[in-house]
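Presented as structure tokens, the chain that follows is alone, the form predicted alone.
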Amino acid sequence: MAEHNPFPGENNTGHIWDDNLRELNNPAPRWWMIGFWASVLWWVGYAVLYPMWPIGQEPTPGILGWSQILEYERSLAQVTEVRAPFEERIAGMTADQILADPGLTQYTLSSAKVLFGDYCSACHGSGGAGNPGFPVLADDDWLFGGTTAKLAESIANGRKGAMTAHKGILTDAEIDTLAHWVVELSEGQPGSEQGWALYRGKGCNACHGEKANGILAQLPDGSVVTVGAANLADGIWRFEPGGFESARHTIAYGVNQPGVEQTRDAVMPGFAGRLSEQDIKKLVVYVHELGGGK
């Protein structure tokens, strides 16, 4: 190619394409060469000062002895030192006592937000808004009660709801009647007499209460006795999207019924042993404040 160079004396490499496209052989600009060699020197300096060359499972430490792990540990120690007075106070207090102290409550909420994101938000959503099939924690509707004691119970021990599948117990017409009755209650209506008669006659009130609000009894201190049965008299649906078909499905196939293929799944794992008592206490405060507690 170079033997037939049509541009002699041009200082090109002799590589010619399409008759006139050629590669020149000019040196790089001086500023570029200075930058290139400076970057080489910078690289050598970095390799000497900081961890760089892999040797076995560890890199060379560098003469400064710096590492990301050491930086992390120093930062963690600083954060731990700042948090220590608050953590010591929380350790000797109940969740209710923490809630009575606005400053300590604010600290606890900030601290527990990370715990909630790590352990709870996958099911209950960011900020307790609820993901499909899981309860919303940002409202004031509680299946097992929203007091700090009940919340601690739920978080530590977990919950597993249960409702009998009525497909082999009730006729299709009776299931339809109950499903329509539940929808009526959810819309603020009193509910049909036929629905109430069936509700009480089939023993639904044993779990959902005489008023179908999920409360079996109210104690003198204001707390309630419940077995975790849903409040049928409000507009909140445990299993979305709600409405007649949803109610009918739950009545027919129940909740957590072994051997029933279409049964609803409603299980919350317990965190005792996975989280410390301190962390569980923080989550109790956090969840209590999400929904106002009851």
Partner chain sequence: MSNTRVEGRTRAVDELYDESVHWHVNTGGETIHAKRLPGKWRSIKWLAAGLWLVFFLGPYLRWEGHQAVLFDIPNRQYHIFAVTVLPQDFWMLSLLLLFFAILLAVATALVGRVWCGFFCFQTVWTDVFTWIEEKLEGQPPQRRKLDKAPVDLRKAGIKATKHLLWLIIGFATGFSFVAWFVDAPSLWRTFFLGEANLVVYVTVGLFTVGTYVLAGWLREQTCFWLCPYARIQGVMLDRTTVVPTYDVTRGEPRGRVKKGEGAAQRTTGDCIDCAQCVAVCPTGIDIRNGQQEGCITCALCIDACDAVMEKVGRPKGLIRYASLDELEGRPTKRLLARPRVWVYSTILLAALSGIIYGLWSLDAIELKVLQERAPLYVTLSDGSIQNKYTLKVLNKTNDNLSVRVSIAGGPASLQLVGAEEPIRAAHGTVSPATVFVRIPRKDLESDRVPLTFHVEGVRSTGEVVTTKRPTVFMGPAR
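Numbering follows the first chain given and starts at 1. Computed from a predicted structure; not experimentally measured.
Note that the form predicted together with its partner chain isn't included here; everything after this is about it.
Taking the partner from elsewhere, no residue among 149, 156 and 277 has a non-hydrogen atom within 4.5 angstroms of its partner chain in the model of the complex. Partner proximity in the model of the complex, defined as non-hydrogen atoms within 4.5 angstroms of its partner chain, places exactly one of 244 to 252, 58 to 66, 44 to 52, 228 to 236 at the interface: 228 to 236. Taking non-hydrogen atoms only, residue 162 never approaches its partner chain to within 4.5 angstroms in the model of the complex. The shortest heavy atom separation between residue 136 and its partner chain in the model of the complex is within 4.5 Å.
At the 4.5 Å threshold, heavy atoms of residue 76 stay clear of its partner chain in the model of the complex, well away from it. Although the partner is absent here, residue 132 lies well away from its partner chain in the model of the complex, with no heavy atom inside 4.5 Å.
Of the residues given (118, 140, 210, 81), 140 alone sits with a heavy atom within 4.5 Å of its partner chain in the model of the complex. Out of the listed residues 189, 171, 106, 223, 106 is the one that sits within 4.5 Å of its partner chain in the model of the complex by at least one heavy atom. Contacts between stretch 273 to 289 and its partner chain, counted in the model of the complex as any heavy atom lying within 4.5 Å, involve 289 alone.
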